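Below sits a lone chain in structure tokens, taken as the form predicted alone.
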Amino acid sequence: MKKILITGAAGFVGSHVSERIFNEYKKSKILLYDKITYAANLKYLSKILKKKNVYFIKSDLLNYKVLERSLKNVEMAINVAAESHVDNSFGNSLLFTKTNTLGTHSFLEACRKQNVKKIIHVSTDEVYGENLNKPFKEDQILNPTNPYAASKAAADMIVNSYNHSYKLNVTTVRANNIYGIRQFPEKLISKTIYSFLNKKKMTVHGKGNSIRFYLSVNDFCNGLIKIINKGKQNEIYNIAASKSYKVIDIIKLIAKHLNKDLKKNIRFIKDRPFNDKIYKINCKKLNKIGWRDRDLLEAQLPEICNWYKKNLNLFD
């Protein structure tokens, strides 16, 4: 591919996707598009930002003129940009609708106008809603239960309409909770590490019994590449980790690794207005084209903790 654009490129997931795309398409011109919110940092792109074929564009998805102009002659566009912290969505839900829903609509329309041949839209497993029984397949009816998930589900509906109405080639990716280095310390794993390193108590919703599957950002990127290379057009692909954890068990793992007394370093707080107990998704469709998760959270923790030790100043 001659030209590729990635939105949300300076964020946690976006920066890893950008590095991986750079390594996979060394001869391509790569445009990194990001408005630089509190959770993004150009330092995350330091390995590739000065390469001759890499260009950074600081702009919002809602700046339609800049976005459409940036997509000129782009052959593949990957939409990673999103407001993704569920807690924030309860207090500022309109921002989530603007970025996740209207932003995706703006992205798709600009891709349509510029005739982008291959489009990847990154969604979330939370669009399916809570699941206490069999893992949800990609054709499950969407049932979001919080403002963040609703804004992403609305974006997925717009994607579906563009696939049908305009025959746009959009592939949707729905993944579990993603973890790794560079994640802003507001999600469970990054916040726990950051809190313990700063000698602050980690807050726990309710009793910490909600269950989540945690997918390493490396495995996510591997899945994305499989989908780009072998996935079918206009399809939805779940990317699921194979192991789940209770929230409190994740905190215990990190406390043990950092030699912290759990009882002295956590504080239980009121639960979210609504907190899904578990999300379970089926990713056999992705397995069929050769993907498996490889990274175990326990094995990744030392590297992630060391990264936060060295980079605490990024979050001051």
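These figures come from a predicted structure and were not determined experimentally. In this text, residue numbers run from 1 along the sequence as written.
What comes next is about the form predicted together with a small molecule, which is not displayed.
Note on contacts: among 190, 163, 97, 123, the single residue with a heavy atom within 4.5 Å of the small molecule in the model of the complex is 123. In terms of contact with the small molecule in the model of the complex, the residue from 150, 204, 71, 80 that brings a heavy atom within 4.5 Å is 80. Here the chain stands alone, but in the model of the complex its contact with the small molecule, taken as any heavy atom within 4.5 Å, falls in 168 to 176 among 137 to 145, 153 to 161, 105 to 113, 168 to 176. When the small molecule is considered in the model of the complex, residue 60 lines it closely, a heavy atom lying within 4.5 Å.
Residue contact check for residue 250: none of its heavy atoms lie within 4.5 Å of the small molecule in the model of the complex. Using a 4.5 Å cutoff between non-hydrogen atoms, residue 12 counts as a contact of the small molecule in the model of the complex. Though the partner is left out of this view, residue 35 does reach within 4.5 Å of the small molecule in the model of the complex, counting heavy atoms only.
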